[in-house]
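Here's a solo chain for you in structure tokens, the form predicted on its own.
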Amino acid sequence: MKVIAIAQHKGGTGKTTTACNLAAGLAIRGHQTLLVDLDSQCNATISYLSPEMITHTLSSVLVTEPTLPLSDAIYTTHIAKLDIVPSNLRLANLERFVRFEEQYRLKKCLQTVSNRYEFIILDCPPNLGMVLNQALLAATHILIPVAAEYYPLEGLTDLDTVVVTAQEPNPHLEVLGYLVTRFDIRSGLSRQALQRVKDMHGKLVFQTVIRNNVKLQYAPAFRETIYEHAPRSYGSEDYDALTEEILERLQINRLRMVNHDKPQKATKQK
């Protein structure tokens, strides 16, 4: 099982967009995938589930009902082979109420469902705190999205330091890659930003870049992935290419995508 943390403490980098569409891309290729929303803003959650469907969330398991099994907070999505653990605002309490010695709680919870999934995608919060620490202790890989702009580049060294620190107690944690997002093909600044990330991290930078595409912003409003909402868009092409590149980096046999047709709704709680 591969546990991939999508992490960036700067907002507006396409972190949740990447988590949602990567999870869908893996599932569409036939890989049983679990998307875990670790962000108390709940954007990944509302991209797949309506609020009235949700009875238990990740905060139920980690904060309010610690005896509740993670399986009780897993919901199916309308994408075959893709499940989700939703979040809510109470997850922010994890920063205050979880003691240092309890920081492996998320890892232990994920281990209870490890036999059910090939991939677990963690949509981390946009900050450097206890929730991110738990994610990095539970993860096998980290993917870092970087917006092709000036300010996101300035914070990269802070996150790099956090990753190196997490690798001491979790030596299995590897940097899967740096993903340049919000790339404007007409902008010299975008090209400069891409080159700077390559200068900093070399071959760890994905060849795929995520181009600016308004369809990526609209898709969650319809509770659709980019593959359903705009299958011929730049966004769909780019996340399709990213999924392929990730599978290649992980040396996992890639399956052909079945189709980009809108899947049937299937939202029964597991």
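A residue's number is simply how far along the shown sequence it sits, counting from 1. In this text the structure is predicted, and so the values were computed from the model without any measurement.
Keep in mind the form predicted in complex with a small molecule is missing from the figure; the text below concerns it.
Using a 4.5 angstroms limit between non-hydrogen atoms, G25 is distant from the small molecule in the predicted bound form. Looking at N213, you'd find a heavy atom of it within 4.5 angstroms of the small molecule in the predicted bound form. Although the partner is absent here, T64 is not a contact residue: none of its heavy atoms lies within 4.5 angstroms of the small molecule in the predicted bound form. In the predicted bound form, the small molecule lies farther than 4.5 Å from every heavy atom of Q32. Heavy atoms within 4.5 Å of the small molecule in the predicted bound form are found in one stretch of 64-72, 240-248, 214-222, 200-208, which is 214-222. When contacts are defined as a non-hydrogen atom within 4.5 Å, none of P51, H56 and N88 contacts the small molecule in the predicted bound form.
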